[in-house]
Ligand code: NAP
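Given next, in structure tokens, is a single chain: the form predicted on its own.
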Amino acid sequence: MTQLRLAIVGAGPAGIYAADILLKAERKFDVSIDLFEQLPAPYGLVRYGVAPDHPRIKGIINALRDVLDRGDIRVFGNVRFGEDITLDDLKRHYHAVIFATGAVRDTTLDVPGIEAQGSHGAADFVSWFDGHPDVPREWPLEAESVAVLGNGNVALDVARMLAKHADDLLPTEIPANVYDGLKASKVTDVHVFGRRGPAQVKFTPLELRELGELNDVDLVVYDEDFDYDQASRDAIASNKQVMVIDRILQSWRQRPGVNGAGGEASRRLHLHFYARPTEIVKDAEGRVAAIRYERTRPDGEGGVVGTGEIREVAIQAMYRAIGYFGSPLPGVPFDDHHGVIPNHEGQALQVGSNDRVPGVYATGWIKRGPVGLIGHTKSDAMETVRHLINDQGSWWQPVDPSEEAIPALLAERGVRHTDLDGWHNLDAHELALGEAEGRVRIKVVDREEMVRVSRGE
């Protein structure tokens, strides 16, 4: 039986699903898979991109854990592609590689003042409150009034975490440094801005509904945003999700906080629709002082056009949550415009051409961009795996495909990699930390400590 030694770079859902699909589907080849992850722990954005107060979504980890715990996939954590192991290394020891590295950077926003002190990308903030080991332990939370740009689920996560009282997060796996930071936050008002209307938002009803359930936080909407055009009314009538979103928003219009009046809560979360940011106003020291935006209106086709009316809201910090963007990988083609590995159905292509890159594949967000949910990730992986299997003639011809080669190579380079047993050690350690505090889990944040616990050192 023909051997297939496959490397997968990225141990989030995309990488794990690709490995699982290949192992379950393939009968023509003797398949062995090594999964490489730059962090000491697996699960990618499910561990480091989902707010800690969303345990239902984190339940995806249980399904991913079941795949890894079968024992037919080797995991090499704390291994940085391009530094600890290179594309040339993979060519020497594998027949092919699938990159599943996702998209973890913030998309840029080209408006004046975006570089002001206090202007942040949502991805960085999410990494901080999720205890990512490679971001600073402290986060500046001195602002009383904060803007969040975007109308997707990430924008709502950011707004909710900013507005929510820290003590209400204690039942979650929030790291100690994040709790301390949020506890000291001075925020009183969080303003969420979207350039289109309520019937065109990208967030889900579940995410939206949670905003209205926050303790001691008034939800503020504005009547002027609900003068729907026909396209919006049609969307509400024809799409169940849009209908539910509208129902939630309409119920909030009956609350005391409508039109900015505010109720009795100590914090307010404002939703502003039909608002296109035009400038981040800076003070004399270069800090965020206000957001200036143009009021938009429906164009009759589900989009918007500017009205020329400029408004301004005083703020001291701003978070852009307008999408994620992929990062280039050493030696691998990269589309700088779309933030992906250029590909045809997962087969990597040379930049600007249809020429195949033998042995190199992509799946997940680094393949298609940061769109779609977990279900899309599975179908995405199936497409990539199908091509990989059919491309046997263009696989690499490894010099040493032995399973012993990679551990030896990493040891020779002094890479203190973690494995699946190490993740079990870290998992048990975090659960024990949580149990001692009456919580489910307390996440270890420091990378060195993660490695030390994983390796039993």
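Because the structure is a prediction, the values reported are computed rather than measured. For every residue, the number given is its place in the sequence shown, counted from 1.
Below: the form predicted in complex with the named molecule, not depicted.
> Decide whether F129 counts as a contact residue for the named molecule in the predicted bound form under a heavy atom distance cut-off of 4.5 Å.
F129: no, not in contact with the named molecule in the predicted bound form.
> I'd like to know whether A63 contacts the named molecule in the predicted bound form, with contact meaning heavy atoms within 4.5 angstroms.
It does not: once the named molecule is placed as it appears in the predicted bound form, A63 has no heavy atom within 4.5 Å of it.
> Answer with yes or no whether N153 is in contact with the named molecule in the predicted bound form, where contact means some heavy atom within 4.5 Å.
Taking the distances in the predicted bound form, the answer for N153 is yes, it comes within 4.5 Å of the named molecule.
> Using the partner position in the predicted bound form, report whether I322 sits within 4.5 Å of the named molecule, counting heavy atoms only.
Yes - in the predicted bound form, heavy atoms of I322 and the named molecule come within 4.5 Å of each other.
> So which stretch, 348-356, 327-335, 196-204, 382-390, is the one near the named molecule in the predicted bound form (non-hydrogen atoms, 4.5 Å)?
The contacting stretch here is 196-204.
> Three residues, H54, P277 and W365; all within 4.5 Å of the named molecule in the predicted bound form via heavy atoms?
Yes, the whole trio is in contact, each within 4.5 Å by some heavy atom.
> Which pick from A166, V244, L109, V281 sits with a heavy atom within 4.5 Å of the named molecule in the predicted bound form?
Looking at A166, V244, L109, V281 one by one, just L109 meets the 4.5 Å heavy-atom criterion.
> Looking at A184, V305, V371, A237, which is the one with a non-hydrogen atom within 4.5 Å of the named molecule in the predicted bound form?
Spelling it out, the residue with a heavy atom inside the cut-off is V371.
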